[in-house]
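Form predicted on its own, single chain, as structure tokens, below.
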């Protein structure tokens, strides 16, 4: 088993009409054994940026704290708020710096840049991919791709985006033994962030 799959994860970032959403499961496992079902994998960096960290649980916590530190340092130095594209570039560089002993993380960055949805995904050494519709990460990416390709439609409003993200996540984790046990969905709009928790199957 890959060390990236040791703790299990399922994550989706999806764009809507002037809104963007990120959804993740909440399971922390040690391979097939479930340790906790309230583990945080999505982190609020600012009012317009969220990052999802799928991979090794210890690296998720380490990297989330490092990213918040780097973001605060940037804003002190530059005297302006960090935009999603800049944050994505910073994360990519941070991962590539550690390429010989990498963080075992495959992150998703989602946010609103001047009201326009921004989505990016990376591998564990920071090679980025940018997309206009959706990006997935975790141990059940094949399932997530299938459900997202079936259910995604462009220009969804925040409520439709929440429903699509929820259905994609719940349908996918039901077919993966390493992720699930509940979920959380964040919808970022110009008005603010809406967060809702999902109840998943506990088996």
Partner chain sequence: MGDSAYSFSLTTFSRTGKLLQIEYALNAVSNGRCSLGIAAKDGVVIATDKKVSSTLIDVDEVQKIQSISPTSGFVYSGLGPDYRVLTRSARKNSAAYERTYGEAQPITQTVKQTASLMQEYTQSGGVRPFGCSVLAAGFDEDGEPKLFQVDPSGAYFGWRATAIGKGFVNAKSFLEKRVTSEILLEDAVHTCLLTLRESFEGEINGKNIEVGVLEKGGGFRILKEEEVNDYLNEAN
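Numbering follows the first chain given and starts at 1. Fair warning: this is a prediction, and the values are worked out from it, not measured in the lab.
The discussion below concerns the form predicted together with its partner chain, not included here.
For the marked spot (145, 159 and 166), a heavy atom within 4.5 Å of its partner chain in the predicted complex is absent from each of the three residues. Although the partner is absent here, residue 78 lies within 4.5 Å of its partner chain in the predicted complex, judged by heavy atoms. Although the partner is absent here, residue 116 lies well away from its partner chain in the predicted complex, with no heavy atom inside 4.5 Å. For the chain shown alone, residue 74 is a contact residue for its partner chain in the predicted complex, at least one non-hydrogen atom being within 4.5 angstroms.
Although the partner is absent here, residue 90 is a contact residue: one of its heavy atoms lies within 4.5 angstroms of its partner chain in the predicted complex.
Looking at 129-137, 103-111, 90-98, 116-124, the stretch with residues near its partner chain in the predicted complex, meaning non-hydrogen atoms within 4.5 angstroms, turns out to be 90-98.
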